[in-house]
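First comes one chain, alone, set out as structure tokens in the form predicted alone.
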């Protein structure tokens, strides 16, 4: 049966005719037309809850302001995202958030990479006068090795709760109490690991402020001090992409990116926190070959036994040596004299190429895979 084709919705946003797919929210319709509406609790990967109230807009003939992230777009709707009432409400919301937020941007890990900070700057919200009641939670008391928690900075947006629930399906995070006493808790107010946390760091990736942060990267480098290098994880064959945060030629943090084609923002504990092996003292950084396989080894070295020592060479030398040895063996004994062993740590695409090289170029079916063990 043919699928029914849905008609696009035509509405007007800020005086601009906008067309959006049926079922879109005002926020989705606006962003699809290149019109920005500020948000804090919203993230395109997560369900909409309308918690922060920053995305409020004026809708003609509607009573009061509407939350753009939860209000369905309708045909003929006339929306103003920058009305005076909407901007004043956003400014008030930001003032309320700052009234219970630590005034420590100068020493905060997320300074320069904080959505609340950016919006306060955009809407010119001054820091509230001293005297307001603040939370005084202890910082980083959870014994888990990967996620640092500062509940004093939490803005109760719920992005970490939804990320853990909807993407990781672990349901570790939730909110306890109500009103001013509302606070983020793991499980039944337990340590994270007792609450079924698998240390993926998804909650950190979606936190818009500094309430949750990567513990291994605390005090190491701010956002403006690192260079981000996009790469593919080497731990398994899934092919997840992420950004290496590099400072002074050292990886200091891994951050996920929505532009990753395979995994999006999702990473496992190895991909996000297992990067320290890169700088381990035992890590090999150059190819090693036996000295007697190099044309530079002398007859005296061969007689003394030093010819069997492993020496560092460049990649061209190593690969040329392997190519020559494979060619010699195939010429002398045929392709079946060679066997190949593939790795589960390579991507599926790399293993496919390895398979084609083995069977078609070298003419042997002697190939196996470590995952079969």
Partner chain sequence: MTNSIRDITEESRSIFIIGSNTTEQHPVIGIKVRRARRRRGARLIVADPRRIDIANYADLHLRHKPGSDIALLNGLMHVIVREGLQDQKFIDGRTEGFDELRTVIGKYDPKVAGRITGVAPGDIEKAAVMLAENRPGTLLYAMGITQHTSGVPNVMSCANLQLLLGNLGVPGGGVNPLRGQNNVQGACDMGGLPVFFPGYQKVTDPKAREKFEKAWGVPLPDQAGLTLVEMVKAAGQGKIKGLFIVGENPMTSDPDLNHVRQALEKCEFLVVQEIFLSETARMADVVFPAASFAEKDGTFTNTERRVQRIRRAVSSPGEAKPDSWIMAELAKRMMALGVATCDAAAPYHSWDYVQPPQVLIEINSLTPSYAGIEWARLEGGQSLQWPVPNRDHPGTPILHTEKFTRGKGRFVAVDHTPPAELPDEQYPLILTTGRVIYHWHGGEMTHRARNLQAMCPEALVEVHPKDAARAGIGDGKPIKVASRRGEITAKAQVTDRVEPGLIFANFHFAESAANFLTNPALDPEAKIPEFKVCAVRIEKG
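The structure displayed is predicted, hence computed values, not measured ones. Numbering follows the first chain given and starts at 1.
Keep in mind that the form predicted in complex with its partner chain is missing from the display, and what follows is about it.
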query: Contact residue in the model of the complex, chosen from 14, 355, 24, 10 - any heavy atom within 4.5 Å of its partner chain; finding: 355
query: Among the candidates 65, 33, 51, 346, the residue which, in the model of the complex, approaches its partner chain to within 4.5 Å (heavy atoms); finding: 346
query: Contact test in the model of the complex: residue 175 vs its partner chain, heavy atoms, 4.5 Å; finding: no
query: Its partner chain contact at residue 274 in the model of the complex, heavy atom, 4.5 Å; finding: yes
query: Partner proximity in the model of the complex: residue 191 to its partner chain, non-hydrogen atom cutoff 4.5 Å; finding: no
query: Contact flag, residue 209 vs its partner chain in the model of the complex, heavy atom cut 4.5 Å; finding: no
query: Candidate spot 290, 319 and 341, all three touching its partner chain in the model of the complex (heavy atom, 4.5 Å); finding: yes
query: Among 175-183, 191-199, 88-96, 152-160, the region lying within 4.5 Å of its partner chain in the model of the complex by heavy atom distance; finding: 191-199
query: Sequence-ordered list of residues in 199-233 near its partner chain in the model of the complex, where near means a heavy atom within 4.5 Å; finding: 199, 202, 216, 229, 230, 231, 232, 233
